[in-house]
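One chain is shown next in structure tokens, namely the form predicted on its own.
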């Protein structure tokens, strides 16, 4: 009798737990968004910008997507049986293509909302899924690919600075101090001081100058990633259809004897190298530091700007003597004027290259 009583009690206890078990089971099958990764590329010749968003999930997700026109152009991507959980959408890498990404939890589905600045046609977006790849250590992914052609800058280039649009990027700033000189100088301040001097001289010569920053700030915000910050700087040139883009920096090395001026470029157009050489020659001629030449590099801001671009490394803050020179107002004025002279030379040479003179 006692044995039958205990057996019945155990069955009742098990049955009482069953609803909880039934309710808990679906939670194990729900996919969760664990992160996302943006990538961006630009073809400087055609103006084609491609943006790719990979949304990572713990399990495969069934996906539906559609475009809305009102209240504005949007791509709605629904991940069925997916939980947003603690994931927060990041900033768009290019507001020319996607102005904003937001995420909404709707019952058991996650909805990603991508806002566009204007009309999006069927061939300009694609939504797909990728299965987890254990060898590559990649999770399940929902892939959203977007593309848009933007007008490229005027690559005919008439001589002179009048009417030219020059984008100037004082490197670093805000939470990113850049290099620290042996005498205590901050690169972000030297970059900004020189850029503002160049801006004033260029505007006096008739150019229009677009600055990525005019004070000690993070261009994309203090909580942005390095890529978001660099992308925001490149966008200043791209959005404003600048003729050229110049990023101003000061160098540093573990070798305190390192010295000299260098200019970097990425050969995405026939003009990038010419721009770098014109600026390099003018800075060396005016500043008198060691000529370390114009060199190719894969720096983000010179690669991801549509127009010809150059990144200046004026001198070495890690060299005590050179750091003192870099802080000299007279030297800074010379280099600012060299940027003006270098651009004058570039536009003259570029016009000859295209037979415009």
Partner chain sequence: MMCQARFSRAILMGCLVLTLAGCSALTGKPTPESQPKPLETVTVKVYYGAPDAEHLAAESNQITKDSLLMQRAMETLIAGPKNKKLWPVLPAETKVRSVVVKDKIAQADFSAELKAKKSGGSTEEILAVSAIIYTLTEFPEVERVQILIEGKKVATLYGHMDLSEPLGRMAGLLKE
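Residue numbers count along the first chain shown, from 1. This one's a predicted model, so the numbers in the text were calculated from it and none came from an experiment. Between two forms, the rigid core is the largest collection of C-alphas that superpose within 1.5 Å.
The form predicted together with its partner chain exists for this protein as well; it is not shown, and the discussion that follows is about that form.
The single contact residue among 50, 59, 295, 37, judged by any heavy atom lying within 4.5 Å of its partner chain in the predicted complex, is 295. None of 159, 287, 178, 139 but one reaches within 4.5 angstroms of its partner chain in the predicted complex through a heavy atom, and that residue is 178. Looking at its partner chain in the predicted complex, residues 126, 148 and 347 place no heavy atom within 4.5 Å of it. Note that among 277 to 285, 78 to 86, 160 to 168, 116 to 124, the stretch whose heavy atoms approach its partner chain to within 4.5 Å in the predicted complex is 116 to 124. The shortest heavy atom separation between residue 319 and its partner chain in the predicted complex exceeds 4.5 Å. Shown alone here, residue 305 lies farther than 4.5 Å from its partner chain in the predicted complex, counting heavy atoms only. Although the partner is absent here, residue 226 sits close enough that one of its heavy atoms falls within 4.5 Å of its partner chain in the predicted complex. In the predicted complex, none of the heavy atoms of residue 110 sits within 4.5 Å of a heavy atom of its partner chain. Along 307 to 323, a non-hydrogen atom within 4.5 Å of its partner chain in the predicted complex is carried by 311, 313, 316, in order along the sequence.
Once you line up the core between the shown form and the other one, the Cα of residue 218 stays within less than 2 Å of where it was. In a rigid-core overlay of the protein, residue 330 has its C-alpha displaced by under 2 Å between the shown form and the other one.
Comparing the forms between the shown form and the other one, the C-alpha position of residue 72 differs by 2 angstroms or more, with the core used for superposition. In the predicted complex, the CA atoms of residue 117 and residue 212 sit farther apart than in the displayed form, by at least 3 angstroms. A change of 3 Å or more separates the two forms for residue 212 and residue 99: their C-alpha atoms lie farther apart in the predicted complex.
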